[in-house]
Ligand SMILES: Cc1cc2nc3c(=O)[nH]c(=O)nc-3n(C[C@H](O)[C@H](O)[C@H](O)COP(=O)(O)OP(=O)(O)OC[C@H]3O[C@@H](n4cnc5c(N)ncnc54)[C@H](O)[C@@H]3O)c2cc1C
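Quick heads-up: it's one chain on its own, the form predicted on its own, in structure tokens.
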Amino acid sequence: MKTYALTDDSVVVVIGSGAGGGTVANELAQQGVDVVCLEAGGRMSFADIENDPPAMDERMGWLDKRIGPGVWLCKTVGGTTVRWSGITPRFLAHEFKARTSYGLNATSTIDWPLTLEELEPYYDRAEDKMGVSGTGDIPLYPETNNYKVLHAGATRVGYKQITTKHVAINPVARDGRPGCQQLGFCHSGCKIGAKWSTLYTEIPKAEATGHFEIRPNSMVLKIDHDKTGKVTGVVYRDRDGVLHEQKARAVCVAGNVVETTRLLLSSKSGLFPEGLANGSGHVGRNHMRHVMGFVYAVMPGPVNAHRASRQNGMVLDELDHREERGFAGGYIMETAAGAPDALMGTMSTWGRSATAFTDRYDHVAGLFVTGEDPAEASNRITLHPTEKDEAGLPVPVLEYADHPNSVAMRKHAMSAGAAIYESLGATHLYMSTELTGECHNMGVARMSENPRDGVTNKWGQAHDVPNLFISDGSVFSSSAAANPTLTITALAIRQAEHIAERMRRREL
């Protein structure tokens, strides 16, 4: 396996190995760029993955202390792509122009500095890389029982755009990975590798190039820079607590929103007194989490939703922007299933209303709502002034509150989801109303045309630091409604192409 000296300042250092970090690292390595990838967590093999949700949450979850509403992160090679459900719709054209499309003048919403047309070729490449169902020559994902219930109810109430397209789980064997066997434990990590994850796709492919080294159990504490403001390397802590500095030609940060924010703010200096790349004051601000909720229903007949992948189809009719609904933006309804303990954890209830679901668990059908969340500067991540974690870093403090637009959207979505199951004679319903999108995290280092409005440009390059790039969902200018992983991956492919070209021209 290739290794690089700590003093080698010709490498690009990538921080994080999930959808953004793992993809940008592999794409760079494929183009002959030498890459060192630093991952805070350990590296699992298929033998380490168990169909045991609580055990796997403990094994790969990011369990470090947070203050405020939590987020759903993983500390492991592959990041949250090990745990995600694989749903991958594209953003729509109007969602790249949120300010223009919706107004929302009381929010900090802005337009993206790029368009759907610019990103479409990279969406194509991301879908091919990830094996997204219904794209290219890839078949649609198989229709599971949970999906069939969703399809039947959605059709009955008048919806038309109901599909098993946009699932990054192999419907058939492809790219050295098997087709899905419907084991039903997607959030525990895919035991057979049918679901796309950088753990067993991008990382091994990068290693095969001879231009890549991954260092697990390497928690980055700080990014260093020279007197001109250019990044020179990163300081990280290994599994034994020993500190090292890896020199770098450029740095790509992909720690998901909490760790990306913490690292940038922790890297403050005399030149960057408010944090690295934070001349605009937007680092950590404009945190978006999607409008979310679950609708679960006890159906008249058996569904056995647990005998299939957790998510495998969706209704897209509510995705567009229609002011007559009383809110801006749109939402998607997606199938959702899980183990009994996960279902009860979501419901957070007691008594007969709960036992109706546990006693007839095999009759339960469910859907998950994801909708556009407006950017607000007050929804932010900061650092605690005194409290530190075991690595000596300040504990992150998260502040998040729903915008009235989100409240109105969630109410509409819950009603729409309930109507789907009621149309088929559901005997019991449970509708969550308190979820705030712990697993879809965006913003905090957003792209902006004007440096005053954000942290990075259209390539994810920091406005203030020419050789610093942000490679995860932190760069999202708006949240759109779609699950973010496909867009993170497409942006990472595009960013890697840009970085490699600038390196060839000796501009980096």
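All of these numbers come straight from a predicted model, not from anything done at the bench. A residue's number is simply how far along the shown sequence it sits, counting from 1.
This protein has a second form, the form predicted together with the ligand, left out of what is shown; the following refers to that one.
No residue in the set S108, G330 and E372 has a non-hydrogen atom no more than 4.5 Å from the ligand in the predicted bound form. Contact annotation: N286 falls outside 4.5 Å of the ligand in the predicted bound form, judged by heavy atom distances. Although the partner is absent from this view, A480 stays clear of the ligand in the predicted bound form, with no non-hydrogen atom inside 4.5 angstroms.
When contacts are judged by a 4.5 Å heavy atom cut-off, A254 counts as touching the ligand in the predicted bound form.
The closest heavy atom approach of K458 to the ligand in the predicted bound form falls outside 4.5 Å. Residue in contact with the ligand in the predicted bound form (any heavy atom within 4.5 Å), chosen from G313, G338, G78, G366: G78. Taking M299, L383, A250, L263 one by one, only a single residue has any non-hydrogen atom within 4.5 Å of the ligand in the predicted bound form, and it is L263. The stretch among 383-391, 400-408, 224-232, 254-262 whose residues place heavy atoms within 4.5 Å of the ligand in the predicted bound form is 254-262. Of all the residues from 16-35, those having a non-hydrogen atom no more than 4.5 Å from the ligand in the predicted bound form are G16, S17, G18, A19, G20, G21.
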